[in-house]
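Below you will find one chain, with nothing else, as structure tokens; this is the form predicted on its own, and questions on how it binds or moves follow later.
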Amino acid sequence: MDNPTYIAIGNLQLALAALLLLVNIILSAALRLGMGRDLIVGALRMTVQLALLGLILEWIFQTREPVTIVLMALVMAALAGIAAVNRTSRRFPGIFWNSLVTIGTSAFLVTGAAITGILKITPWYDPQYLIPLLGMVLGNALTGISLGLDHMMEGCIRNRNWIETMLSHGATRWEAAHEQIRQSLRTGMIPTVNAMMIMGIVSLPGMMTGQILAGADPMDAVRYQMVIMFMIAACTALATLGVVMLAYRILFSPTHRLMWSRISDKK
């Protein structure tokens, strides 16, 4: 099969595409949704952020220095860890550190396994593969972390009396927290499972669409999308499990007490 011609997008096409936002702005004004300013600010921020990212990636792709590429990956992981916590409504001591450790460890493990063991990329730090793959697993893992953490903290507050009753009757901290941990893990992984359920039927994944638009064979694009979804599922599961278990160790003391006072509202 011959690959279709790749069509580059210029500034004029971008400007014409931006006019599509008029639909949102007109609806907001007509229905008094109060979202017009947010739409404009959001669009401007997205444009600036993506333009800067494009310039940075162009430079990284040209230099191909492993130290620079690894530093870029570390910055991406750190920002993802911070963003995951910023989405939660409550806090506890060490929550940012927990998020950074779990998302970084899980993302690098899964991405490293895919690059070296599945795709067999040489060199392993090739930014054409490392940066996009890492970015996709980080983006999904941070959602799992934020949902899992939120559910864990909210559950400990909401079910405080029931948990403390179990502990007072001789239950261990694991026995008292087990159901909360299980539900938190399930909550963190639901978005990924739902995305896998409808993929290819209801939705056409963005990564797969991008490859097809760039001229890739549709079946090659499908295989890449499958690999990426398996990576996302594994990374989200590991990251959510890690952050929920670290939260459990902080919120339930070794003396089998619920340390609910460590949970505070987001400031």
Partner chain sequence: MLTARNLARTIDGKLIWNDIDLQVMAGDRIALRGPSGSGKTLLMRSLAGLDDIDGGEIRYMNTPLWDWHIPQYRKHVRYIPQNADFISGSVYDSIKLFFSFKVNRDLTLDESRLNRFLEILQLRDSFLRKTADHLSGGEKQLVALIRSLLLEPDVLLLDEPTSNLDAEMVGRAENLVTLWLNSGGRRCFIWTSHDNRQLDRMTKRSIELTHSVH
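Residue numbers count along the first chain shown, from 1. Keep in mind that what you see is a predicted model, and the values were worked out from it rather than measured.
Another form, the form predicted together with its partner chain, is not on view; read the next lines as being about it.
> Though only this chain appears here, would N11 touch its partner chain in the predicted bound form if you measure heavy atom gaps against 4.5 Å?
Contact check for N11: no, nothing within 4.5 Å of its partner chain in the predicted bound form.
> Given that the partner is absent here, does M166 sit within 4.5 Å of its partner chain in the predicted bound form, heavy atoms only?
Residue-level check for M166: yes, a contact with its partner chain.
> Although the partner isn't part of this model, could you tell me whether F96 comes within 4.5 Å of its partner chain in the predicted bound form, counting any heavy atom of the residue?
Although its partner chain is absent here, F96 would stay clear of it in the predicted bound form, with no heavy atoms inside 4.5 Å.
> Do T143 and its partner chain share at least one heavy atom pair within 4.5 Å in the predicted bound form?
Result no; T143 lies far from its partner chain in the predicted bound form.
> Taking its partner chain in the predicted bound form as the reference, which of T187, T88, N159, T192 has a non-hydrogen atom within 4.5 Å?
So the residue touching its partner chain in the predicted bound form, by this definition, is N159.
> Given that its partner chain is left out here, which of T172, T116, T105, Q128 has a heavy atom within 4.5 Å of it in the predicted bound form?
When its partner chain is considered in the predicted bound form, the option within 4.5 Å is T172.
> Quick one: find which of 70-78, 131-139, 173-181, 118-126 has residues within 4.5 Å of its partner chain in the predicted bound form by heavy atom distance.
Of the options given, it is 173-181.
> If you look in the predicted bound form, which residues in 230-267 sit within 4.5 Å of its partner chain (heavy atoms)?
Counting only heavy atoms within 4.5 Å of its partner chain in the predicted bound form, the contacting residues of 230-267 are T255, H256, R257, W260.
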